[in-house]
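Starting off, we have a lone chain in the form predicted alone, written out as structure tokens.
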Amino acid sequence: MKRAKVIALTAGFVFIMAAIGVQALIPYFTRDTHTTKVSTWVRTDLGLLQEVDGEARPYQGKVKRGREIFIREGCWYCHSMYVRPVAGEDRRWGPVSQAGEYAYDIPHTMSTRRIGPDIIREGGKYGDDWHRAHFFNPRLVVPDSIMPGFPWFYKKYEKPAEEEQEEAGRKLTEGERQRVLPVESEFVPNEDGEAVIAFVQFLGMNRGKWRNAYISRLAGEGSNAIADNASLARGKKSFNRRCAGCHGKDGKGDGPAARFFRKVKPRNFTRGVFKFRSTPTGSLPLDTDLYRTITIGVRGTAMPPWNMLPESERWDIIQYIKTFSPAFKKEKPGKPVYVPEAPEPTPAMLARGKNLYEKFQCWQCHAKDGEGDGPAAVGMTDDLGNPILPANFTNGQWKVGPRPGDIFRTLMTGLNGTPMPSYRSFLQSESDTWALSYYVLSFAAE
């Protein structure tokens, strides 16, 4: 009996030391675990995406504070932060994790449990507005969520002074840009809330513009679906579960989460007006246009990519969305714009694009440096009179999609319901359209 106890104690000691060695000592003394090197995606001066070697960035300022709060609140108990090198992980979450991404994680918060989703690739997946609603009450945007709300991240909203909204004739600060649009919620994030959102938006960004390359692979058109009673019933069920939090159960864009959105309000489907289409100005979209938007989301807004949903469920939701507007019964979508295969950009093409940008005065809205705060930007509204901000080309978040063809298509169709017109009658040739498309993309070059 005494011998058995000695064996058990010895075995326990050996296992504990082995665990310490495997999980702590070996990683600590392995040279590769101390690297700050990562592979990262950048936009080149010619507007192309390219994967290059890069350096991980340390946590600083608001992001660092956000990480401290993240640890304090125990978020890492439920959320892992590691994309494993096994089949399907990279398609589900994004690029497999690299050692350099964790160089500044002290202490490490990789975790091993996925009670909630893995969040190492969370940065840029959802807009700040989505997080503002989600942290207040996760069920507003994810009805099945078991995550608790964090009301202590919020404070009473105070409307900014009117003079702060009269910015005509000068460049807006980022803080002012955030406040141009009205906030309908009684509560807005306090410093802790904004810091946590900044930290979450930083996650995965050491890999640069990887999401642009990732989205490009997702943006297939898919096959079509036929609307029948069964598909509409399934679509209604899915819509109420996944979409009504923002768009409302009646599709009017007035879901309970919408009051937290500052930048872009949810689409009101009852009007039958859709921005992102392949059809001419004023026309309804094709089903494939709606499919593309649902699949890749709308970057920089609260509309997330829904590529994780089965294809059939996305099609059912589309058929149900079309029931909100009578326009889909009365009209047919126009003939889609043909987008040819994109040519390889050249410096001469970019120079031509710059001239066209000046000629058509795109800078009036998007500014000469592409930051979206041109002289005509202040006071701009959409067709409903809601404030709207021109796209900021420098942040690499393309609402219409990150491919040159996405920009080409938008120049041809314009964005219904917004001040962005179609340039189809102004651009004289395909080569001019490509030149302007690549020049717009080049604003996001690093």
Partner chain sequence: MDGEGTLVNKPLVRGWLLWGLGWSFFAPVVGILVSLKFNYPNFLNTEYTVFGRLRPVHINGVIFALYSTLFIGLAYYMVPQITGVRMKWERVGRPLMWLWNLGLAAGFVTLALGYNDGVEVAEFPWPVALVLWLAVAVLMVQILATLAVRKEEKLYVSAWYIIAALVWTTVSLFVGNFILPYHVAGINNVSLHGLYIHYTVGLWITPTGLAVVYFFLPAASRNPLYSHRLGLLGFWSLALFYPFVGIHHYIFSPVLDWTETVAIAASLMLIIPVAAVLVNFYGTLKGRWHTFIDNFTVKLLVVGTFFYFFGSVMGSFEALRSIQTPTHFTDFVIAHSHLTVFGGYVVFALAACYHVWPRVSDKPFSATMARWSTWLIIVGITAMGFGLIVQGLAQGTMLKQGVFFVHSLDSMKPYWLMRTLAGVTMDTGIALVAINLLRGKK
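Numbering follows the first chain given and starts at 1. Throughout, rigid core stands for the largest set of C-alpha atoms superposing within 1.5 Å between the two forms. Small disclaimer: the values here were computed from a predicted structure and weren't measured.
Although it is not shown, the form predicted together with the partner chain is what the next lines describe.
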Open item on the list: Taking any heavy atom pair closer than or equal to 4.5 Å as contact, tell me whether P189 reaches the partner chain in the model of the complex.
Closed with: no
- [ ] Decide whether P95 counts as a contact residue for the partner chain in the model of the complex under a heavy atom distance cut-off of 4.5 Å.
- [x] no
Task: Distance check, P27 to the partner chain in the model of the complex, heavy atom within 4.5 Å - done: yes
Open item on the list: When the contact criterion is heavy atoms within 4.5 Å, does W152 count as touching the partner chain in the model of the complex?
Closed with: yes
TODO: Choose one stretch from 283-291, 106-114, 197-205, 354-362: the one whose residues place a heavy atom within 4.5 angstroms of the partner chain in the model of the complex.
DONE: 106-114
TODO: Tell me, out of M147, L140, V273, I215, which residue has a non-hydrogen atom within 4.5 angstroms of the partner chain in the model of the complex.
DONE: M147
- [ ] Would you confirm whether the three residues Y320, P326 and F408 all fall within 4.5 Å of the partner chain in the model of the complex, going by non-hydrogen atoms?
- [x] no
TODO: Check each residue of 8-33 against the partner chain in the model of the complex and list those with a heavy atom within 4.5 Å, in sequence order.
DONE: A8, T10, A11, G12, F13, F15, I16, M17, A18, A19, I20, V22, Q23, A24, I26, P27, Y28, T30, T33
Task: T30 C-alpha relocation of at least 2 Å between the shown form and the other one, rigid core basis - done: yes
Task: Large Cα move at T10 between the shown form and the other one, threshold 2 Å, rigid core - done: yes
